[in-house]
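Presented as structure tokens, the chain that follows is alone, the form predicted on its own.
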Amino acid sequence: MDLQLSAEQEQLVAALAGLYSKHASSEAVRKAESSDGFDPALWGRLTEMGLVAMAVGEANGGWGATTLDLALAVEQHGRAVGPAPLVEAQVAARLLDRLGDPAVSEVVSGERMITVALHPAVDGTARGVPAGAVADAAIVLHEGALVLVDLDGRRQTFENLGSLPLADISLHGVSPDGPGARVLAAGPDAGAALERATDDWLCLTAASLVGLGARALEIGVDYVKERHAFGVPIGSFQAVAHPLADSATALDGARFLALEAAWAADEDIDRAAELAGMAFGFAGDAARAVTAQALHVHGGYGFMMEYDIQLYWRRARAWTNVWGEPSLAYRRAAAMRLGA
């Protein structure tokens, strides 16, 4: 396994870093919080640049990018805590591509935003669907079938810690191939397709959390260089510096594991699910710990809304809980390893 970035990948990272610095400032993130945590202007930029299309194979009009390419892209998205559902859209696009559904062309063109419910519907409702508040349609496992359902009139949004565009989706009255719905897969194939999409989401969200944690650490380090006590920067005190150094070490490990999981998704499929769970669990724990430490060194200022660090602290907890606690991801990885 060689995780050395190619020249093309380095160009991709540099281009995205420039895009997010210009179009996803902390002011833009705060503004999006008042509108379901979604910035249509940023979403337009991302689709124009082809960041959803890159998840789709060339046969269906996409870029045919590797999962590692996607991970590098969403890592930059995480650094900016971008207010747009890039991971969910990429996962849904890749799922539609695998299933050979014609809706993939609408995703590639940017005509429709489609998301995926990470858990099956229970009693006719898919709960906490990522991007459910803003997407045009969602892919949901409902009554043993994987269904693509239009969301108009079916969503119930709710507030959450990370100001994410989450919604509960009602599937009451949805029938196979009825108005506003279409079956994509049924039986064991439906469950297997959702499981693989979940692995994609775990893997890519792990990379996003690494980016989020890395930027939060930079914010913390910059602050302890500027803040003085007893005539010296507070970063010179071991009680401040050592936990930040531990945070950097944890993020290095999380990034390596996230990129390994992304590589395995294409090159070592037998371990892909296991590594996706491990990467998400480790990155989730690391992002929570790093953002807590970076906020802590700000003292009471860190919790104030005008300080950027609170944006990262809140999202580090919200992003992980969209699917479940990191501990659940470790259990998922263990089940893949042990066959339980």
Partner chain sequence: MDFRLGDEAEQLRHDIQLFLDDLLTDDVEAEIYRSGVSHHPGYVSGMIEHGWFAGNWSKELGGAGLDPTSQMVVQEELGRREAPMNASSVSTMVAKALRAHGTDQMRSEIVPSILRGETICVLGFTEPECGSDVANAQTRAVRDGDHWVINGSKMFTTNAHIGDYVYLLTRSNVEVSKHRGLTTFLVPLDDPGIEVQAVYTLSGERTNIVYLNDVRVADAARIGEVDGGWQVLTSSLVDEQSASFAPWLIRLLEEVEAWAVETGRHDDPDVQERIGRARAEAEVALLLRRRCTWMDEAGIPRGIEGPMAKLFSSESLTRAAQDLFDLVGPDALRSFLDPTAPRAGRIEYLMRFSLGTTIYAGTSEVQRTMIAQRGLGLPR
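Here the structure is a predicted model, which means the values were calculated and not measured. Residue numbers count along the first chain shown, from 1.
We do not show the form predicted in complex with the partner chain, though everything after this point is about it.
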Looking at 106 to 114, 162 to 170, 135 to 143, 79 to 87, which stretch has residues with any non-hydrogen atom within 4.5 Å of the partner chain in the predicted bound form? 162 to 170
How about Ala192: is it within 4.5 Å of the partner chain in the predicted bound form, going by heavy atoms? no
Decide whether Ala245 counts as a contact residue for the partner chain in the predicted bound form under a heavy atom distance cut-off of 4.5 Å. yes
Closest heavy atom of Trp201 to the partner chain in the predicted bound form, within 4.5 Å or not? no
Can any non-hydrogen atom of Ala59 be found within 4.5 angstroms of the partner chain in the predicted bound form? no
With the partner chain left out of view, which of Ser35, Gln310, Ser26, Thr66 would have a heavy atom within 4.5 Å of it in the predicted bound form? Gln310
Determine the residues of 116 to 148 with a heavy atom within 4.5 Å of the partner chain in the predicted bound form and present them in sequence order; the list may be empty. Arg127, Gly128
